[in-house]
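Taking the form predicted on its own, here's one chain by itself in structure tokens.
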Amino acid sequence: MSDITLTSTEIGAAGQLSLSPEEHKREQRRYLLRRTATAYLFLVPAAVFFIAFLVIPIGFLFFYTFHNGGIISPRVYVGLDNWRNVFRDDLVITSIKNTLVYCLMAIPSVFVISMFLALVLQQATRGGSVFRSVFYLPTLTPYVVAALIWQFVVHRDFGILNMTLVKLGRDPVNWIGDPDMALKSITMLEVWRGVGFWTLLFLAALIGLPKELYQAAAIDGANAWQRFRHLTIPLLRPTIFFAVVMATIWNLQLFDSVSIMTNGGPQNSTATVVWYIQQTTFAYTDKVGFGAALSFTLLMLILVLALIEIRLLRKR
């Protein structure tokens, strides 16, 4: 009843409501309906883009998983053949393995480096804004430019890494041509590009932490490591939760640096799921249906891993 503003005509001389209980319920339902309709009207613009650019393309992609052709050759219905081929293709297993190994190397590395840099920048009293800009600059670098820069860094003959190894008396390493080192080189590039973004994210979270808790811990005799372990990490759990989930989603879609630097080689050691989707769909063949089925496989992999992380981190 408090949700409805009553006028003087609705109140009798004795101060009683002139509406019957049935009329009052009807007016309340109308009010709630108007309120709900207004809320949904505000959601319409976002819903239109969501349906047009996400729901419909995903539905159309799922439709293509049961067909082949459609770009160069006519579309042909093939039933579940594309799904069977996904699980029979050895390169699919290799690309999934490479993608997961890359995530296991890249995500912890970039988080550890970013957290360290954020803690250092938090204590910086002078030049902090300059260092933040310097650290964030690689993130703003386009993928093509970053990959070309990194090719000079890891070049076998005149790359800065090998020149440093030679100065130290070590043999040069074939960073891109060696199957055992190629994926590690891609990981180093992606960590270099991503460390600025995650550093600023962690730094923003650190600046917002309550200082009185750290002052109380220092008074109680807690050292820097104890304050970091028992205060900083627990207080940063929402930020870490967001970072882990988003980093997993983004890194499972690794493509640009692989396509530019190694094109999946050598010996498919850097082949990733998204790279293989692009190759099978557009580069060499017109296997649109197979690429669509592989895309849905990647989507399911991302959803499963993200849900597992959300469940574990929320529970924790």
Partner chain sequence: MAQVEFIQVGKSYGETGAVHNVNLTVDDSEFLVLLGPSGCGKSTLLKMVAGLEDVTAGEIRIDGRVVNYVKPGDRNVAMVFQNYALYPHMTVQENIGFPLKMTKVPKDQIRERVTRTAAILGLDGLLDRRPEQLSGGQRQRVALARSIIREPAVFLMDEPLSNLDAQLRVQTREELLKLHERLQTTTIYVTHDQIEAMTMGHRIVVMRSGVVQQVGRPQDVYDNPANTFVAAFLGSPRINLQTGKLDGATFGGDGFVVPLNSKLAGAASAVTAGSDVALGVRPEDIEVRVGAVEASGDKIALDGVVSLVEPVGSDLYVRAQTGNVDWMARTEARLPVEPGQAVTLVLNLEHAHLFGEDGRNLAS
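This is a predicted model, so every value here is computed, not measured. Numbering follows the first chain given and starts at 1.
Omitted here: the form predicted in complex with its partner chain. The next part is about that form.
Q: Of 216, 246, 148, 160, which residue is found within 4.5 angstroms of its partner chain in the model of the complex when only non-hydrogen atoms are counted?
A: Checked against the cut-off, the match is 216.
Q: Of 234, 142, 179, 208, which one comes within 4.5 Å of its partner chain in the model of the complex, counting heavy atoms only?
A: In short, 234.
Q: Can residue 169 be called a contact residue for its partner chain in the model of the complex at 4.5 Å between heavy atoms?
A: Residue 169: no contact with its partner chain in the model of the complex.
Q: At the 4.5 Å heavy atom threshold, is residue 200 in contact with its partner chain in the model of the complex?
A: No, no contact at 4.5 Å.
Q: Classify residue 222 as contacting or not contacting its partner chain in the model of the complex by the rule of any non-hydrogen atom within 4.5 angstroms, answering yes or no.
A: Yes, contact at 4.5 Å.
Q: Quick one: is residue 226 in contact with its partner chain in the model of the complex, heavy atoms, 4.5 Å cut-off?
A: Flag for residue 226 set to yes.
Q: Spot the stretch among 127 to 135, 72 to 80, 234 to 242, 88 to 96 with residues whose non-hydrogen atoms come within 4.5 Å of its partner chain in the model of the complex.
A: Result of the contact check: 234 to 242.
Q: For the stretch 140 to 159, which residues lie within 4.5 Å of its partner chain in the model of the complex by non-hydrogen atom distance?
A: None of them.
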